[in-house]
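A single chain, nothing else alongside it, follows as structure tokens in the form predicted on its own.
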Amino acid sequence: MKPVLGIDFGGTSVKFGVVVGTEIVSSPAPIPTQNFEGSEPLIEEICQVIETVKAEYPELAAIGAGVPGFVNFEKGIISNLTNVNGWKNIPLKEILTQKTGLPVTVDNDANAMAYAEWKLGAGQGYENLVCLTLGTGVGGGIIANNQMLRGANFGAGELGQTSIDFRGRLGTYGNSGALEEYIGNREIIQEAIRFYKHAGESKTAAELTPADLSKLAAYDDETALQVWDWVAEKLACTLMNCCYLLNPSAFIIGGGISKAGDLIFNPLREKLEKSLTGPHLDNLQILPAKFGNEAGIIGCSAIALEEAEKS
């Protein structure tokens, strides 16, 4: 199998990985995004990394980029790059193809994660599944009838923006009750502070990261367990809606919050069992993702290889 270069755009850095199958065989140094004003100088720096990789791997077959935000998958145009200024309607596919001479694909990073899990990870063999990444925000990707569902304008799967309360907290786009306004990392921490205050304990945000809450819950800290149950309740609402709309066979959950393991998965299963009918519940699987932080790079590389082979 030929190597592919995966590029994972984040709010703080651009990460790289030369991927063969599911293995990242080389990881060039990341580029701090905040060191660059606008898209052009950062793209030039990315192209320098690509040329170095091409020299080391002359058989490099393609380049795949995963980005947070809306992407026109067919044209490879980034509508916006979340948390990074100066990126609006950037034709990244065209630019990188011209500068490198290699086939390029650009997709949403949650779609890349979903693709990795569907083709190579925990979702292998499933024709209908929903993947979620839980971290700073909530991302999603949908596989329906054995195809990636991207939607009319390539905006499908934005589960973090779906509403769990029509009178709830305001989302980024004016949408009331957006899920990630409740179970993003920062939001969980703030909720945990309120839970502990109600229990008569004063704790700081630094003491109540999702990792800290997992450790506390592992020692049967009742308040931490209540926080995880609260998170599961919010997430279960969105998953229930997905079941009635899409009738998936499985949910695959990744991202930092998923590291809580049974603390989130067990109450999540219990809440879904109480809110779903037979056809939507029968044989429904809720699975942890196989790939961790590498899912985006593996996924966008796999997409790029498939698209290159098509053409």
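The first residue of the sequence shown is number 1, and the count goes up from there. Not measured: the values here are computed from a predicted model.
Keep in mind that the form predicted in complex with another copy of the chain is not shown, yet the notes after this line are about it.
Engineer: Of the options 255, 267, 68, 248, which one has a non-hydrogen atom that comes within 4.5 Å of another copy of the chain in the predicted complex?
Structural biologist: So the residue touching another copy of the chain in the predicted complex, by this definition, is 248.
Engineer: Please tell me which of 77, 164, 84, 122 lies within 4.5 Å of another copy of the chain in the predicted complex, judged by heavy atoms.
Structural biologist: So the residue touching another copy of the chain in the predicted complex, by this definition, is 164.
Engineer: Using a 4.5 Å heavy atom cut-off, which of 165-173, 190-198, 96-104, 206-214 contacts another copy of the chain in the predicted complex?
Structural biologist: Looking at the other structure, the answer is 165-173.
Engineer: Answer with yes or no whether residue 242 is in contact with another copy of the chain in the predicted complex, where contact means some heavy atom within 4.5 Å.
Structural biologist: Yes - in the predicted complex, heavy atoms of residue 242 and another copy of the chain come within 4.5 Å of each other.
Engineer: Taking any heavy atom pair closer than or equal to 4.5 Å as contact, tell me whether residue 275 reaches another copy of the chain in the predicted complex.
Structural biologist: Contact check for residue 275: yes, within 4.5 Å of another copy of the chain in the predicted complex.
Engineer: Going by a heavy atom distance of 4.5 Å, is residue 155 a contact of another copy of the chain in the predicted complex?
Structural biologist: Yes, contact at 4.5 Å.
Engineer: Does another copy of the chain come within 4.5 Å of any heavy atom of residue 59 in the predicted complex?
Structural biologist: Judged by the heavy-atom cut-off of 4.5 Å, residue 59 is well away from another copy of the chain in the predicted complex.
Engineer: Within 4.5 Å of another copy of the chain in the predicted complex: all of 147, 234 and 237, by heavy atom?
Structural biologist: Yes, all three are in contact.
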